[in-house]
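Consider the single chain below, provided in structure tokens and representing the form predicted alone.
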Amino acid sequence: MVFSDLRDYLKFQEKNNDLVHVTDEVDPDLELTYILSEEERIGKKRTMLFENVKNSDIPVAGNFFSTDQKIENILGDKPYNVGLRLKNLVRIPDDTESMISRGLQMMKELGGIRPKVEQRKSSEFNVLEKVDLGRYPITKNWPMDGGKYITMPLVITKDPVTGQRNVGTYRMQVFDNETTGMHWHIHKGGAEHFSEYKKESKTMDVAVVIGTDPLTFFSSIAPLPNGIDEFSFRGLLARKSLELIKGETVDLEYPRNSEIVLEGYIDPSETRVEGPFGDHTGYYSLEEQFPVFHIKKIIEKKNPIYMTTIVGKLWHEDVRIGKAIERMFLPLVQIQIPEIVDMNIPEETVVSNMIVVSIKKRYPGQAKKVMFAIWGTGQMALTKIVVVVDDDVDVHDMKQVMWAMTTRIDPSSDVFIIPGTPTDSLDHPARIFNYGSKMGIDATRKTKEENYNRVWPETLKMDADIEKKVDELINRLGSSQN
């Protein structure tokens, strides 16, 4: 279902007995987000609304994406089914269709997905007389964090040349009541816009939304190709356009359902040390120079709700989001790399450092071809390790993956190191910031054409009739014991 705003989602969670009202006073310094973390770690994973936050009158909500069921409710379907719908949109007509009928179907699916810019109603929002971040319950998540961080912002920017909008989620360290850091990685859309403004020595308009409906937030972190508008993508997922309103001091638009909006600018000539920050890798990301966001105006809904999250360990909601993105985008990846049967970005690798894919292998060197195709596709280009297995291996069963990795490789010929490649900005083992290496592991069966000059042994498998007979026997034995 489509939630109209953050409050609509919280009502849904309440109706489903999945919303906890925390009325005890909670400190936003370490305590609040650690409660969210423990709620996820112990397995309850409920959405939480903190109604009594120390030194703030504004409530805080968190754990929006903490279970697969929550994400399914937000998307309106299982992520893989959503991916199949997206794949169907871009497929060419088959033998039973004409170009006209296919075009009409696409028009029906795509019609009305672009956001609509509406007039602002003065009764909807309050414009604060003074810029003061201190009134918000902004959290500090881990003991060695460099300060308080806004962790679920929608950062809206526009390309100065093309006018193309980008919506991304980048952490923002609070420097004082009027300025924050802007931690966008060099490979992200916001950073690309920033570089264009820097070339032209122009000040950059920025709008930051804190609190919106969860589908709009999800769309802001989806790994979309350049040129695809995140708000239009949200409309495609929702089958309904998103209403936007124009900024008051910036030449940008943002969702009408926003809880809090920070309007301001970035001077491309100005940077400041940002960090450390307890990140999703399980380590503190280190101090680096990043742009500074200056806030000119704050606009709020009446009685706003602050939206937050915590990352840092493998049980947090960013892992569930990562797995949903993996499932949703698999059908689209298969368009570009059709031999891929399945894909797993393991939770244990913080849903970014390693991809395991299974393929239907038909020719020598195909595993290596798939590796390079992955490294040339969108944000998967930042993946450090790619493992390719045969289609008889379940990529989601890491026991099977490890079995293939240890019984189907000769390290001297089946492990490839590629130096001098782009890396994720959070990849601290890389010797140079944003620049490191890749590793590919070909864990497929080898052929004579791949210089394997022995007979490859068959894997163990019982005869089908014996399997059936034994299954029937075991079922009878189980029934007799009851």
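This one's a predicted model, so the numbers in the text were calculated from it and none came from an experiment. A residue's number is simply how far along the shown sequence it sits, counting from 1.
Beyond what is shown, the protein has a form predicted together with a small molecule; the following relates to that form.
Residue in contact with the small molecule in the predicted complex (any heavy atom within 4.5 Å), chosen from 344, 139, 212, 166: 166. This chain lacks the partner; the member of 250, 224, 305, 337 within 4.5 angstroms of the small molecule in the predicted complex by a non-hydrogen atom is 224.
Although the partner is absent from this view, residue 171 contacts the small molecule in the predicted complex, with a non-hydrogen atom inside 4.5 angstroms.
The small molecule in the predicted complex comes within 4.5 Å of a heavy atom belonging to residue 185. Using a 4.5 Å cutoff between non-hydrogen atoms, residue 151 counts as a contact of the small molecule in the predicted complex.
By the criterion of a heavy atom within 4.5 Å, residue 309 is counted among the residues contacting the small molecule in the predicted complex. Annotated contacts: 33, 40 and 62 are all free of the small molecule in the predicted complex [non-hydrogen atom within 4.5 angstroms]. Segments offered: 295-303, 404-412, 195-203, 226-234. Contacting the small molecule in the predicted complex at heavy atom distances within 4.5 Å is 226-234.
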